[in-house]
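Coming up are structure 1 and structure 2: the same protein chain in two forms, each one given alone as structure tokens.
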Structure 1
């Protein structure tokens, strides 16, 4: 199910669940000539990493094959499930649950969009009025 895993990662890349992380500096931090004082709270907007064309060529294009061509999951910029010491302990369980749902949905059912509502792709994927679908057993 490597392709299913790639579809899950690409979906999470485009429609990131978490925008970023809030952190508190434990010491003065210098970045590009600016000093962020100890004790300041900073918000790291991680969503933008997923749209960096250097990391993901044609970042607004849904392309799960990019995950099969390179092992992007092991790169330090892959933070769909956190990173380092803050990696989600339920990452693999979540992926298995999503994969099981997708497998049953795709193999047992057919579906179509109804209502023709607009889907926005930037700054994040969303359906402002919801995405309405009709589902039937086949």
Structure 2
């Protein structure tokens, strides 16, 4: 299960649909010489963190093994499920659901892409015309 978990994290890192998390300051916050006034709304653009080459060398390469080498999941910059008191409560359920789907899909079926579908990477990962695949029993 640890490799499946690594595949899920790497997929979320490269192609999550959650580009960031929102917060609002409840008091003035000083950070690295800057003051964020009370009441400001903040958008933490986690997509940028996920592509940071200092945190994830060769960030555009799909490399699930990077999650096994170090415990990246416990790092402060791991924010695919948000963080702090508002951390996604469905994190583990979501991972189990994806893992169960992947297990059945990979072990029971084979698939191929059909047609030259367009995939956009920015501002978010999406397939505007849908991602068409042909699936058959293995």
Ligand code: HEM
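All values derive from a computational prediction rather than experimental measurement. Residue numbers count along the first chain shown, from 1. Rigid core (definition): largest C-alpha set, two forms, superposition within 1.5 Å.
- Legend: structure 2 corresponds to the form predicted in complex with this ligand, while structure 1 does not.
- In a rigid-core overlay of the protein, residue 26 has its C-alpha displaced by at least 2 Å between structure 1 and structure 2.
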